[in-house]
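Below you will find one chain, with nothing else, as structure tokens; this is the form predicted alone, and questions on how it binds or moves follow later.
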Amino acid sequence: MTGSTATVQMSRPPAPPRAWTKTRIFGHTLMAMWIVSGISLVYYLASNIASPFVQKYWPVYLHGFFVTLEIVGLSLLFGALLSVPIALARASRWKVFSAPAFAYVYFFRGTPLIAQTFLLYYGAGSFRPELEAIGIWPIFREAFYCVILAFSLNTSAYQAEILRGAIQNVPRGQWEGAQALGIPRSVAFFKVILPQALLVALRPYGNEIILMIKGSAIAAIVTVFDLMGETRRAYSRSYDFQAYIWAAVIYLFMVEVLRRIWDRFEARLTRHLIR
């Protein structure tokens, strides 16, 4: 061409077809099985939504649902209050504080939650005279309070480690900047360091809440009629296996709703970090 430059548009050649290897065939087969299982489960639940079992037991499932929310909510609240001093003690340079805090976290993270619940619920009876003498036996006499105490102590150890790691992740310059401005160390911690640490800890905190929801089913073993407790009672009276299917669906519903709410909450608090 005269006086012009020809531009040739080069198109990308099509990708070669992927071979159907054994791994790919297995993956597709497994995915198809999951899809069929999901469709079958939805069909089963839809066909039994008006069954005599659901009509008879949905009120007790609703009661167990709210008991589960109460257990998880109170445990997480008390655990969060305990986790702050434990995290500060773990991060302390003084062994008189850090050593007991380390032993506390090591024990409650290293032993099963069900064993901790049994120790409080069944073991407290061995010290009934001493507990009555100091006036706290009514707390250990009730299974519900023992569950709240055991779950709070357990989650406080996990939350303390989450918070400690988040605090240590805050740059040292934040402390130095607050000190240069003459801000007291305690004020700098609660006004400067802790808000930044909580942003870092949002995702682990969400995971801990989900684990607590699923772990709350342990309460049913010590005669607390939460969701799993009501499920066990419904099954013992009806011998209908759909009792556990409905319980699994409700737990899945709780976890999924929490996950979506937590994602929106995290996105809202960290919107200034998006570039």
Partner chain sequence: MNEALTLLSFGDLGWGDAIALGTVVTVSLALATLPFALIIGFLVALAKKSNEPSLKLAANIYTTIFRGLPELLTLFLVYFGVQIAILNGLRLIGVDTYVEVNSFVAGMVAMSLVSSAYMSEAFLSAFRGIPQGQYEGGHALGLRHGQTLMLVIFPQLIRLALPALGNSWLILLKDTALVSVIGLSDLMRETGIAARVTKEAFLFFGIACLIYLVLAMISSVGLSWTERWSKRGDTAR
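Small disclaimer: the values here were computed from a predicted structure and weren't measured. Numbering follows the first chain given and starts at 1. Take the two forms, find the largest set of C-alpha atoms that superpose within 1.5 Å, and that set is the rigid core.
Below, we turn to the form predicted in complex with its partner chain, even though it does not appear here.
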### Query
With a 4.5 Å heavy atom cut-off, would you call residue 27 a contact of its partner chain in the predicted complex?
yes
### Task
State yes or no: in the predicted complex, is some non-hydrogen atom of residue 18 no more than 4.5 angstroms from a non-hydrogen atom of its partner chain?
yes
### Query
Quick one: does residue 56 come within 4.5 Å of its partner chain in the predicted complex, counting heavy atoms only?
no
### Query
Hey, in the predicted complex, is residue 258 touching its partner chain, heavy atoms inside 4.5 Å?
no
### Task
Please state whether all three residues 114, 247 and 252 have a non-hydrogen atom within 4.5 angstroms of its partner chain in the predicted complex.
yes
### Task
Name the stretch, out of 82-90, 193-201, 99-107, 169-177, where some heavy atom lies within 4.5 Å of its partner chain in the predicted complex.
99-107
#### Entry: its partner chain: the contacting residue among 234, 67, 209, 218 in the predicted complex [heavy atom, 4.5 Å]
218
### Contact residue in the predicted complex, chosen from 118, 145, 78, 137 - any heavy atom within 4.5 Å of its partner chain
118
### Task
At a 4.5 angstroms cut-off on non-hydrogen atoms, which residues of 178-198 are near its partner chain in the predicted complex? List them in order.
none
### Task
For residue 253, decide whether the Cα shift between this form and the one not shown is 2 Å or greater, given a superposition on the rigid core.
no
#### Entry: Core-superposed C-alpha of residue 27 shifting 2 Å or more between this form and the one not shown
yes
